[in-house]
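As a starting point, one isolated chain is supplied in structure tokens, in the form predicted alone.
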Amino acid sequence: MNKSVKIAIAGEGGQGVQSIADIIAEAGNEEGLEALYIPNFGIEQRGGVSVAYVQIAEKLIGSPKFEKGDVVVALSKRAVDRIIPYVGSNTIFVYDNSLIYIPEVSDEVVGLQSYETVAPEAQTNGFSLKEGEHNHYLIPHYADKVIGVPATDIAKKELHPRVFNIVILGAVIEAAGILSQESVKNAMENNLGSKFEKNPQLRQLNIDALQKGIQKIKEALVRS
């Protein structure tokens, strides 16, 4: 059976959405899998919502676009608005249940960001609200699993705000279940190695953050 996973991640500019996606795609390539990562650059100014789409598969990926994700991640209230059309009944929906405010993250660590609008094919299967509701606060409970990961609090209280996005990375790869930790660590090294050389402590912080995210998803899946 061909194993594949479709991932959609949305967050505020500066939260490291594109860095997460880039590392996942690179880890997939390292394992000899097909990997496709699409940052959809748009017209929004910095401070908008950044969205990334990643597909990892054992065989050739047929289309760069998809309507529903296997793993969908939202890192802010506005990101829920933007990403909710990609959530289906088979989706694992992961969100930062500590944030709903923008964490203090350094662009020097999180890397490239992009800002765009939702693809039209996702809008056709959008989510309708009852009169008076505001989907800024709406969590898609119709998903297969809905998992809150307090990534912002973990990073700030236990590690460092700069590794917030790596906590999320750990959560995503555990939820997706298609990549090894070793390949993800190697991809992290390739992406952030120069920063690790300047600040060796940052390497261990990132490894610890990755493990924190993985563990949170493991615990949640056991409970479910």
Partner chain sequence: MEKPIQEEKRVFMTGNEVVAWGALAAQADIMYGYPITPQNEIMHYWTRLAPKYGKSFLQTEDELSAGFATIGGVLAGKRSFSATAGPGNTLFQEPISMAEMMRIPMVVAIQQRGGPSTATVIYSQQEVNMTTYGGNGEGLRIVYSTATHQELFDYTIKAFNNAWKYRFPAFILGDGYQAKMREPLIMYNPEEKGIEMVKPDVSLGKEGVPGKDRDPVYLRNAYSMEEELFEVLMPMIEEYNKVSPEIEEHFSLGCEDADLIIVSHGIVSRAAMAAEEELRKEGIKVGLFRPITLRPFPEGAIREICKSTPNILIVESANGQLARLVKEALFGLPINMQAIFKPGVGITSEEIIKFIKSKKTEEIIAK
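The structure displayed is predicted, hence computed values, not measured ones. Positions refer to the first chain, counted from 1.
There is also a form predicted in complex with its partner chain; it is not shown, and the following applies to it.
K.L.:
So if I measure heavy atom distances to its partner chain in the model of the complex, which of the stretches 175-183, 193-201, 158-166, 60-68 falls within 4.5 Å?
P.N.:
Selected range: 60-68.
K.L.:
Please determine whether P39 contacts its partner chain in the model of the complex, using a 4.5 Å cut-off between heavy atoms.
P.N.:
Yes - in the model of the complex, heavy atoms of P39 and its partner chain come within 4.5 Å of each other.
K.L.:
Is E189 near its partner chain? Define near as a heavy atom within 4.5 Å, in the model of the complex.
P.N.:
Judged by the heavy-atom cut-off of 4.5 Å, E189 is well away from its partner chain in the model of the complex.
K.L.:
Taking the shortest heavy atom distance, is D22 within 4.5 Å of its partner chain in the model of the complex?
P.N.:
Because a heavy atom of D22 falls inside 4.5 Å of its partner chain in the model of the complex, the answer is yes.
K.L.:
Where, within 15-35, is there a heavy atom within 4.5 Å of its partner chain in the model of the complex? Residue list please.
P.N.:
Read in sequence order, the residues that approach its partner chain (within 4.5 Å, in the model of the complex) are D22, A25, E26, N29, G32, L33, E34, A35.
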